[in-house]
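Consider the single chain below, provided in structure tokens and representing the form predicted on its own.
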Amino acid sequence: MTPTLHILLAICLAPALALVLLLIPSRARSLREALAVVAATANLGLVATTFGQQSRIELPWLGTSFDLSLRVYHTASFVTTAAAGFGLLVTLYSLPFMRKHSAHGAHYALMLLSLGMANGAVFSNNLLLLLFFWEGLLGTTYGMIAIGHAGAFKTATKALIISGITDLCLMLGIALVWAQAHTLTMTNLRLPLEGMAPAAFVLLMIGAISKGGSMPFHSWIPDAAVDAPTPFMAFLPASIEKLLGIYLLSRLALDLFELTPQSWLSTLMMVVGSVTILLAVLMALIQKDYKRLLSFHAVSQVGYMILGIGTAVPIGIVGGLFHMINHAMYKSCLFLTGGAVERQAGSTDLASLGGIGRKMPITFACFIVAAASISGVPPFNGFFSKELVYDGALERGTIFYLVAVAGSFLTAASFLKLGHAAFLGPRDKKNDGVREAPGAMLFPMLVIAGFCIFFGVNNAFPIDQLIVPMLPEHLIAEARSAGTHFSGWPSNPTLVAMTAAALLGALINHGFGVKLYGSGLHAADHIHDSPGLRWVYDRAERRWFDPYELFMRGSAYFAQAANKIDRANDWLVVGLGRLAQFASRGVRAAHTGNTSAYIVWSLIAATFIVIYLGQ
């Protein structure tokens, strides 16, 4: 197979099979499922076989100066293969989960379309072509949320508006790049951060971090956790969109612009990452719904990736990129466990769960592995990527490091609460009939949990073979000259000790909360009720700080004010019309046709003129 055909198939095959799938009658569900699995498997095979290849395709576009440029290289192969792997696993998971869903066929078709769009965006070597595929994901995201239930279109619309606004920023950033460099071919770009370049960087960064789910562009994700089918959460917000957003952010920081640790843009990225880590995990801590809690962690964890890449130092960047793939694994696994609990117990409300760990031991085991990974417990994968981020953050400033460690403390505290409330403690009698999830749902969870362990215990493979080759040569050379080792056990024992202290503190905090309230569900309520935080929490839960809700409320107030102005204008126009009508009737009544009356009116007018002139 020629390189051109190979890459075009990688982009077009999954969407083409998605269209075929939609033509299959709804009664042939098994055929739809079989085709979806075959398509996801073929997509994985196509992108995985690009590893080790280096090729470019330049296709003229309608005689313009913009070429449809595609590029196969290590980073693209890694990101698309990871996305395809998650796509296949979530497709398998969906077989029992979506079987009775009315939008069964649309779900698989939208998944395949999303995989094709993701491949196109990552293989694109032209920013305008990347934008085309990037925008295509808006439609699939809307569709996959909207099929959740009858009212889910509101959340889908919210996601569309937020992502659409940030994608507009992406468009403006691309326009500024063209104005600065007169090319949109990514391999030809290496812009110094001067002139209009910083503005272009910020606009492109907004598009990237929004796709990754960073604050303040995150608020649709917790809503989608409730309204969308669970496979959607494991597929797009937890994995594919994180991979795409951080992929683009890394391209901006490493390739397209000359980002250095001395740049204010580096500091900006670290501030955004730190704020996202802390605020999102504080919101996760107080959630009482399994999937909403996970959704806020999906937001919080992207902060570590932005923080790591924003350090602009090799060890931080490697940590951020390693955390990208680690997060996609453990967060997908966590959402899959949540979907299993929802299907088997009929609810994700933590108040109605409890004690189901004995009924669902494999799901519980997968939850433990994924929860330990996201909390940064050694020897799981999340521990090693976080330690690299910590090291890079500390090199840039103690405050960034302390925020990152505080985030780990709160992450561990919230997952102790979640695990205790859902899987341990007394079991409600209504859950006596709960059974383990079907094998098709357990298999993806077990595979991902296995990778969480493998990428931790044998972290040299993902770091040295997958992550480090994503760095430019000058950063790799800089790390080698400094004697930096990315893989293996962390080289800074002080940071490891601080991590251990944070995890131990989270355990003690959980024990204190359970003793105080007598419940795992309320084990973090003392943090919620602490002085200063309660006021903030109460208003955050009422969406006072949600930019989308503020915009919608502002729009409603503006609409009401505009309506009142419009009614006042109507009253004024109608009033003037009536006044003119009254005046015209009076004038018409005065014009009787009597000559004597006209002479009298003329004399009166002449008298007033004489008096006026006499003054």
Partner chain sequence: MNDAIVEIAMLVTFVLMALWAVLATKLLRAVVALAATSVLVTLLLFRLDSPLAAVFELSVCAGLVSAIFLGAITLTQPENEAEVAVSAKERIRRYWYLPPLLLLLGVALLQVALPDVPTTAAAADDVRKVLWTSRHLDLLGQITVLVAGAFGVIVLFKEARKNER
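Residue numbers count along the first chain shown, from 1. Because the structure is a prediction, the values reported are computed rather than measured. Think of the rigid core as the biggest set of C-alphas that the two forms share within 1.5 Å after superposition.
One more form of this protein exists, namely the form predicted in complex with its partner chain; it is left out here, but the text below deals with it.
Trainee: Indicate whether residue 20 is a 4.5 Å heavy atom neighbour of its partner chain in the model of the complex.
Mentor: Taking the distances in the model of the complex, the answer for residue 20 is no, it never comes within 4.5 Å of its partner chain.
Trainee: Taking its partner chain as it sits in the model of the complex, is residue 5 in contact with it (heavy atom to heavy atom, 4.5 Å or less)?
Mentor: Taking the distances in the model of the complex, the answer for residue 5 is no, it never comes within 4.5 Å of its partner chain.
Trainee: Might residue 597 be said to contact its partner chain in the model of the complex, defining contact as any heavy atom within 4.5 Å?
Mentor: Residue 597: yes, in contact with its partner chain in the model of the complex.
Trainee: Aligning on the core only, does the CA of residue 12 end up 2 angstroms or more away between this form and the one not shown?
Mentor: Not so; residue 12 is displaced by less than 2 Å.
Trainee: Quick check on residue 22: with the core superposed, does its CA move 2 angstroms or more between this form and the one not shown?
Mentor: Result for residue 22: no, shift under 2 Å.
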